[in-house]
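Only one chain comes next, encoded as structure tokens, the form predicted alone.
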């Protein structure tokens, strides 16, 4: 087990955890945001990030420092913590981004890791190959072998108690991502960034992003802290956390501010289009949009960056509370309605419900059915699987109604969409206490039918009947032919 990362709580694939960073002498609570600090720009000072916004960790680019003479000399003489005046942990990137953008860099893995250690980085990064999405499998596999070799080199570099990232590459080929993650997990390295996903997020390909992360998670152990490199927009944090990401780095707060863009959890807006601030952060509660527009350029940029940070850190706190309360997927569902491609991402997340179910708690506070996507949640899958464990009489009536059903059946169980059948004694057990709309949609009914089918197929020697409330033909046709069905709608009304 990795001593640097300890889980505290889980919900779906989301984790509350503690990342111990020995060189900094701090423990970072995850999920965590790492604001990106450009060593040549200072939109919001690192000290202010810590004191005002609660940043426990930040990230900066060691390659930029390495190639900027005056900054390099200062970093070597003072160390990053004194240079930035930052009391938390500092992660450094290696120049891999510059490699992906410009095709070459002038530093090796050994050199850049040693440099990161020399300037006082707490978490360093080797020079991996960030293979972009959609390249051929041959190219992705070849570049992945180079990344694997560099991880092996990094594992052998003596950098004291500095933690080291082990980036997981493999483009958009799930098998390569999984294999890369399994290799990275086998090393003695510490933190596992899922790399080269920025192009996917820039193109709003959240469904492909989720598939990439899911593949990486399959290759990593539960003790592996996962960093989603370049994921800076708060709109998608809950989705990524639900798939198992623990760390996010963001330059969006500053880049958007430089472009007069105002962050919300539903997207971004241009300052010139806003008449009323829809936010109660310290910036928005003390300024009017017209006042911010009238500020000098640098002051306006700083003011917008502060708002963007408040929104971003606020979303991280909201996600932590959702994990603690056991309603992370309800938050994901809310965020999924912000943009059609976010909904694609959520539906893809549910394609991996089997994977999420392994870490999803057996019992939580509440289950809210808020759309047909809710019928595909891990809790529904788990209930369906558990039906095989139940003892069934020779004849059993399964009913949405309140009564016991026809006398010829030995017993009567309840049916509750989207879960399906269950003994009445479990009515007060999670997740069967779910809040479900009175007007149940087709997705919930078809999921309930799938649960009934699972129970019938697991007990081929028993006779089954189903009492339903005007189920559509699609749900009824999903039931085995041997099941007797009775429409209880009229008797239920009376």
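If you're wondering where the values come from, they're calculated on a predicted model, not measured in any experiment. Numbering follows the first chain given and starts at 1.
From this point on, the text means the form predicted together with another copy of the chain, which you will not see here.
Heavy atoms of residue 428 never reach within 4.5 Å of another copy of the chain in the predicted bound form, leaving it off the interface.
Proximity of residue 369 to another copy of the chain in the predicted bound form falls within the 4.5 Å heavy atom cutoff. The closest heavy atom approach of residue 47 to another copy of the chain in the predicted bound form falls outside 4.5 Å. Another copy of the chain in the predicted bound form comes within 4.5 Å of no heavy atom belonging to residue 383. If you check another copy of the chain in the predicted bound form, you find a heavy atom from every one of 310, 335 and 436 within 4.5 Å. For the residues 109, 412, 355, 269, the 4.5 Å heavy atom test against another copy of the chain in the predicted bound form is passed only by 269.
Proximity to another copy of the chain in the predicted bound form, defined as a heavy atom within 4.5 Å, singles out one entry of 343, 141, 392, 200, which is 343.
Heavy atoms within 4.5 Å of another copy of the chain in the predicted bound form belong, among the stretches 320 to 328, 142 to 150, 182 to 190, 76 to 84, to residues of 320 to 328. Counting a residue when any of its non-hydrogen atoms is within 4.5 Å of another copy of the chain in the predicted bound form, the hits in 245 to 284 run 266, 269, 273, 274, 275, 276, 277, 278, 279, 280, 281, 282, 284.
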